[in-house]
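A single chain comes next, written as structure tokens; it is the form predicted alone.
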């Protein structure tokens, strides 16, 4: 089963998110990641949905999404050149001996410390999935206390067809 990122432009109305999520759950499809936000037009929102499936399943998902009344446009970004990013907030509790290493790794990954206390740092990292995963793996031995992930957001590149 291949992982697909599906971009769904919808009317920004009450209940749209519920109908989209219901479409997935009603057919037994899993949503691995879901991110929703307004576009330049406040009455239009964009959903970025990450799911897995073979060609037939993804085709069914896109067809069913297109049938929903508040859906404006559906685009499977799998075959499209696109930019994707995710953000994480990760709280670490490094030992005194590991604090400099944690700060060094954060700098290498172009992260920002957004909160700190005497015992913890909360770090913000943005990037593609591989970058985020690599940062998390490097922080585990230092002492990860908590992680929150935004989910993937993505936009097709302008004027391109395939990867």
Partner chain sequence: MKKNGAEIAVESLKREGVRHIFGYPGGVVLNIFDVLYDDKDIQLILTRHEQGAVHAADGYARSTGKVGVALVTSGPGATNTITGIATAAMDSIPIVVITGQVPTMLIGNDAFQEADVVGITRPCSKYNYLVKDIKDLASTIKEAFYIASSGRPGPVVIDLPKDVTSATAKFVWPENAELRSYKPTIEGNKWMINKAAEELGKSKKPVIVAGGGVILSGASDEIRELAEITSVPVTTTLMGLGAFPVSHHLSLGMPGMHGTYYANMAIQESDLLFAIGMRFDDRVTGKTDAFAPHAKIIHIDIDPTSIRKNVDVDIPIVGDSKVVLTELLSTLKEKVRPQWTKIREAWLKTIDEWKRLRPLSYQFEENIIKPQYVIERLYEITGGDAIITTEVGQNQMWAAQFFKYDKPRTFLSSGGLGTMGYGFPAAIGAQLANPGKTVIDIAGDGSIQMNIQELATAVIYKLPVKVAILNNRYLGMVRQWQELFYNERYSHTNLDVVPDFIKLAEAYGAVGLRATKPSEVDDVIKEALSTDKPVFMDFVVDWKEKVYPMVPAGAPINEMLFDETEKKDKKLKKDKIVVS
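Numbering follows the first chain given and starts at 1. All figures in this text were calculated on a predicted structure; none of them were measured in a lab.
Same protein, other form: the form predicted together with the partner chain, not shown, and the subject of what follows.
Contact check for residue 137: every heavy atom lies farther than 4.5 Å from the partner chain in the model of the complex.
In the model of the complex, the partner chain lies within 4.5 Å of some heavy atom of residue 13. In the model of the complex, at least one heavy atom of residue 67 sits within 4.5 Å of a heavy atom of the partner chain. Under a 4.5 angstroms non-hydrogen atom cutoff, the partner chain in the model of the complex lacks residue 115 among its neighbouring residues. Residue-level contacts in the model of the complex: of 124, 60, 120, 35, one residue has a heavy atom within 4.5 Å of the partner chain, and it is 60. Partner contacts here mean any heavy atom within 4.5 Å of the partner chain in the model of the complex, and among 107-115, 128-136, 38-46, 93-101 they occur only in 38-46. Taking the partner chain as it sits in the model of the complex, the stretch 74-91 never comes within 4.5 angstroms of it through any non-hydrogen atom.
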